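Listed next as structure tokens is one chain, alone, in the form predicted on its own.
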């Protein structure tokens, strides 16, 4: 009987050899990047993506090529009848011992690096850097606004995902599609809101903002500047009735009454952005239901609009807690209040707002346009001021340019107009979505639109002649419009410009 020819190892084939070469090379590169990332003091989103997301895929592919090539070689030899059913392993053979020890050592080392890499990959995908900087153009507006928000030290995942495996899995599945949409350029401009699958606020917001502490009143100071030549200042100080606490911690009243555990408030919006709410249902603690319907909507208590029946939570009012894009008027008021914009420059409030609402294609174009507008205005209208206050004008122009960079993003078509802020009712309906005096039950009970339900003005007026009354003042409009403010909603006139 003829003996089969002596054969070399199954791994002696081009597929396995190429896989081995690439595996060694990629492992060395990954080891170098691991060390670089470990010692780096600054987080680089692209370094993290390459190290923990991209290169591991190629490394695993290269490693798989080694056994695939061996199996393919074995199949070829099997056709010629030169293959044993099982390999012969003899641990008394020194060569087999060396191979076994080497295999165990390499496998152990690889598993250790795999565990470390998997953890770092998980940690990286949960980081603010991954969420905000990896998809730079798409997420630049949200990332910039986040860093100017009260939640700038709170990681994105703590609000968007929270704890628990179920929402973690949902977020990764959703994130996979988002990555695809960025690569395939299928994302919307601007990114649509509200987020449809956002985790309930009770499971995220209330982990820090404890509901039982929703009580009492909070003082708020607002400073405005008129659009006249003197940029006349106007201050308003009010007490916001937070309320909504649970005895013995606080009374069941005020703004957070909506979130009191004794109340369940549901609503159906008739538009995608939840700015039109014609149908509201309240379930009292005794189980009695009250349905309020906008008398001008055409709907009825037993015939709500088509759409989601949503239980009201924190996000229905605090819908821009970390990604708020300020209107030109609001941003300029703030900058003038803390001195970044020189209020001594005549008509600065008016002209700064005009410069901000120009039609610009990019931040670079906006910087040029804002400078051109403001310098041109003062050079043509107030040439003496343009010359004598050149330094102040230059600093003011830089402040206005910075306002644009942090609140306007032309490439993503983002500005304050695209994202209604439901806190208050100055330039968006906000509270008046329900508290407009038109939502009534079938027996005539009305959702109150009284100003005193939510706040009490204690001082108001120009700084030199402030009115004050601890018992509350009737609102006085900075410009004389008579009694029109009582009949017209703020946002009908105030558009942010």
Ligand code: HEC
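What you see is a predicted model, and the numbers here were worked out from it, not measured in a lab. Positions refer to the first chain, counted from 1.
Keep in mind that the form predicted in complex with the ligand is missing from the display, and what follows is about it.
The ligand is not drawn, but in the predicted bound form it has no heavy atom within 4.5 Å of residue 326. Although the partner is absent from this view, residue 230 stays clear of the ligand in the predicted bound form, with no non-hydrogen atom inside 4.5 angstroms. Using a 4.5 angstroms threshold between heavy atoms, residue 454 counts as touching the ligand in the predicted bound form.
The ligand is not drawn, but in the predicted bound form it has a heavy atom within 4.5 Å of residue 208.
Using a 4.5 Å cut-off to the ligand in the predicted bound form, each of 321, 430 and 449 places a heavy atom inside that distance. Scanning 377, 408, 292, 124 against the ligand in the predicted bound form with a 4.5 Å heavy atom cut-off leaves one residue, 292. Contact annotation: of the candidates 97, 174, 114, 193, the single residue with a non-hydrogen atom within 4.5 angstroms of the ligand in the predicted bound form is 193. Partner contacts here mean any heavy atom within 4.5 Å of the ligand in the predicted bound form, and among 368-376, 419-427, 295-303, 399-407 they occur only in 419-427. Residues of 462-497 lying near the ligand in the predicted bound form, listed in sequence order, are 475, 477, 478, 479, 481, 484, 485, 488, 489, 490, 493, 494, the criterion being any heavy atom within 4.5 Å.
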